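Read the single chain below, which is given as structure tokens and is the form predicted on its own.
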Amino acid sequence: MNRIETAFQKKPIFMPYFPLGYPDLETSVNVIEALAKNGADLIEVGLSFSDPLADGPVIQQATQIALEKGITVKKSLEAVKELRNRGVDIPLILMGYYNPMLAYGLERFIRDAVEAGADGFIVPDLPMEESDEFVEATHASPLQPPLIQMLAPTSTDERMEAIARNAKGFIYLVSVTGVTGERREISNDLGELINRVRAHTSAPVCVGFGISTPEQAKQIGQLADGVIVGSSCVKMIGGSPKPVETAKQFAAEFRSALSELRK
């Protein structure tokens, strides 16, 4: 059983996102360590890119700052290795865009990422139809880390079935149309959307985009196998004078909200 499978032994899981290099590299590593050791079950580790088309203003600003501070793919992978050296043992999924991975060298990127301790990848601008080269490169690794596929409310039944049928790791279900960002309310159609996906797969279904409070996380946790929290996590921790302490509290509050649902 790999780390991702182990994480889903008790559901729903809490999955925050935080980009490496924001507000600086050292702080981001400390923040991710704090999230991991205070309630996160799996972390989306952000790789910064100059054109993050799926992200809203909060994450765009954070990743731009990280780039201005000098973050690179190489430094990001070194940071993942440092997190493993510090005893972080939960799954770390690298979330980034395709261009920097290609520039680094795809096979080299996947090899170095796995050696550093990454468990899988999320690439928002790499559609299923164009992902064969990436997937083949992951198969060269003995661990065969999954490329996590994304589905949205606008996905047709045919596309949903095609993606869900071959899903590895888990499915990232986008709860709303548009970019990442906090939302005041959860869609009334979310339960139906999750059921549509589950009709095609036994892989865990995790919901992201728009979840900003522990109360919303609990609401979604009653429906989904995992709750993904990005913009709210970045905004609250990145804007704090004590980001590491805030990260500890943030993780503990979301974990507490989901704990009574876990089974």
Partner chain sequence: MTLLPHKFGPYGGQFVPETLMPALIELEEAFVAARADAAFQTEFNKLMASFVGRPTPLTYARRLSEKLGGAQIYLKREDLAHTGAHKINNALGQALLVKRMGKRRIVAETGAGQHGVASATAAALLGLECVVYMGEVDIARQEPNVFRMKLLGAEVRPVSSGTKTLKDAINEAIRDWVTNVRDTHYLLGSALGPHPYPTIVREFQSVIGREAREQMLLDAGCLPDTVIACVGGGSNAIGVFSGFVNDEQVELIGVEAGGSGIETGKHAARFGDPSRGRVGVIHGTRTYVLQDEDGQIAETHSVSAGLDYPAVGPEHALMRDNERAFYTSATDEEALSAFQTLCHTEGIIPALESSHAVAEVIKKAPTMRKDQVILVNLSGRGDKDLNTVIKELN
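Positions refer to the first chain, counted from 1. Nothing here was measured: the structure is a model prediction, and the numbers come from that model.
Below: the form predicted in complex with its partner chain, not depicted.
Practice task
Counting only non-hydrogen atoms, choose the one of 113-121, 85-93, 99-107, 140-148 that falls within 4.5 Å of its partner chain in the predicted complex.
Solution key: Going through the listed ranges, the match is 99-107.
Practice task
Verify the contact flag for G39: yes if a non-hydrogen atom of it lies within 4.5 Å of a non-hydrogen atom of its partner chain in the predicted complex, no if not.
Solution key: Close contact is absent here: in the predicted complex, G39 is far from its partner chain, nothing within 4.5 Å, heavy atoms only.
Exercise for the section: Find out whether any non-hydrogen atom of P127 is located within 4.5 angstroms of its partner chain in the predicted complex, and reply yes or no. Expected result: Yes, P127 sits close enough to its partner chain in the predicted complex that at least one of its heavy atoms falls within 4.5 Å.
Problem - Contact of D51 with its partner chain in the predicted complex (heavy atom, 4.5 Å) - result: Yes, D51 lies within 4.5 Å of its partner chain in the predicted complex.
Practice task
Decide whether K168 counts as a contact residue for its partner chain in the predicted complex under a heavy atom distance cut-off of 4.5 Å.
Solution key: K168: no contact with its partner chain in the predicted complex.
Problem - Neighbours of its partner chain in the predicted complex among 239-263 [non-hydrogen atom within 4.5 angstroms] - result: The stretch does not touch the partner at all.
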